[in-house]
Structures are given as structure tokens and as C-alpha cells.
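One chain follows as C-alpha cells, the form predicted alone.
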């Protein structure tokens, strides 16, 4: 399968990123843990990358097969649990570094306040930024 990379940037008032997500043979699925709903970004990510979206409230996938986690966390455990595991994390809410795992919420692993406008196709190149989400 020819998966494609995407770039995900923080939304207005968000924190972190940008993230480049590049699916691989091992990591070509992503999980969404979003309170029972399916945000529009899930479908856009699946369409642009070719990855399989998995509802984390209905089933799970092994961490070593997870390319990305999409969450809707206002500042507790989910914001930090996936970054702590080294899994790129996208929060649909504008939550920054907070909660008991705040030290793991870094711009290299986490981006917040993301909607469909913050997700674009990418050539997979590395992105460098000096913006640490302080706006």
C-alpha cells in the first residue's frame, strides 16, 4: 500500500506541532479516543493518508502499530498518555501542557485545537519550528 504523509498544525490558541505523520508498513493505523463521536479530522486523516481509523472506545490496537492518536481531552490523562508512549497525538481541543503527564506533552509529539483546516498533505520532509505554541 502506498500511504501518504500529512502535516498537522495547531489551530488558533492551540499548542505544539507541527507534526508530520508518515504511515509505515508497521504503523498504518490510528486510534481516536473522542468521547464516542467521530470528529471530521478522523475522516480527513484516513482519506489523505490511507491509514485505518480505529475507535478506541470500541477496540484497541497495539502501541507499536499506532501511527497517531486523536483525542478530545481538556487537560487530564489522555493529553499525556499517548505522548508518554512516544505516539504522535492530536487533540481537537485547545489544551496545552497540562495534567499529571504535562512533561510528556511536547511540540514534537503533540498538537492541539486541530480541525480539518490544520491538516494538509505533506511530502514527509522534516519540519523545524521555533514556535513552541506560546500564542
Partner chain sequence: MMSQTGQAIFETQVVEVGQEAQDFSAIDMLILFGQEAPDALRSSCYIINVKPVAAPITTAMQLKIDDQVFQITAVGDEVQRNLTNLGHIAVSFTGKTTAELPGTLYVAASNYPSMTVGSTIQIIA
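Note that the structure is a prediction, hence the values are computed from the model and not measured. Residue numbers count along the first chain shown, from 1.
Another form, the form predicted together with its partner chain, is not on view; read the next lines as being about it.
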Would you say all of 44, 48 and 114 touch its partner chain in the model of the complex, counting a heavy atom within 4.5 Å as a touch? no
Any of the heavy atoms of residue 109 lying within 4.5 Å of its partner chain in the model of the complex? no
Applying a 4.5 Å heavy atom distance criterion, does residue 93 contact its partner chain in the model of the complex? yes
Even though its partner chain is not shown here, does residue 34 get within 4.5 Å of it in the model of the complex, heavy atoms only? yes
Indicate whether its partner chain has at least one heavy atom within 4.5 Å of a heavy atom of residue 72 in the model of the complex. yes
Across 97-120, the residues having a non-hydrogen atom within 4.5 Å of its partner chain in the model of the complex turn out to be 98, 99, 100
